[in-house]
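We begin with a single chain expressed as structure tokens, specifically the form predicted alone.
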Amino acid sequence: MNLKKLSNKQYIKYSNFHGSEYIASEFALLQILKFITQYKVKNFLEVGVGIGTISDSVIKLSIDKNLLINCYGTEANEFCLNEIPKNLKINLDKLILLENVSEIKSDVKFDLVVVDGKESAINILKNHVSKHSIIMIEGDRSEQTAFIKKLFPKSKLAHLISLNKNGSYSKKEHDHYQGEIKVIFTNPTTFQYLHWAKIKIVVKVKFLKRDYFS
């Protein structure tokens, strides 16, 4: 299954679950899966699993593409903790679920981190990322973005945006765009720097198209 079909299938599935008003956008979900495959991510962390949309999709990707991905997630909300087992079902065994970042073993380093919720111990992230890790932030979360930028002074930040609007199956406003996701290259390699520059150019073009069609 290609990534677009997988993200669409997962988004529709999770749109029917309790608490789906706050799940990651379909666009964000697709971008996360793209980054995982492009950068051959081995250790993945989602800060704020919610009802399981992203983590379940990463696990599904690893099964579908026969990838070895160690999938970690943090969640402390009681409602979400009750829903995660119902939604992930047999895939629950493939998710290392913790209450917060401080519970992660000191020797575990992540290639890709998705911040999709509030986390009081987010400053500990610096101790749990690989040398050239990538952090993706779903939604606005401006305070968390600014804090993470301070944690990684050499980092480069870019915004990914969609030209597609929410589908009829979404509980979000159908006349709104599918949202955005922020990408922080914490200590960019030459390739990552070029990727960052490409994103910046593409996003400028997309904003022009949005203005033209609005």
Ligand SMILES: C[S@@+](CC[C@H](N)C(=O)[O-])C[C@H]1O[C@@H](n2cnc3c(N)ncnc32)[C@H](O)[C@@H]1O
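Computed from a prediction, not measured in an experiment: that's the story for all the values here. Note that residue numbering follows the sequence shown and begins at 1.
Here the subject shifts to the form predicted together with the ligand, a form of this protein not shown in this document.
Among residues of the shown chain, Val49 is one whose heavy atoms approach the ligand to within 4.5 Å in the predicted complex.
By the criterion of a heavy atom within 4.5 Å, Cys80 is counted among the residues contacting the ligand in the predicted complex. When the ligand is considered in the predicted complex, Gly73 lies well away from it, no heavy atom lying within 4.5 Å.
Although the partner is absent from this view, Arg141 contacts the ligand in the predicted complex, with a non-hydrogen atom inside 4.5 angstroms.
Considering the ligand in the predicted complex, the lone stretch of 60-68, 22-30, 178-186, 155-163 in range is 22-30 [heavy atom distance within 4.5 Å].
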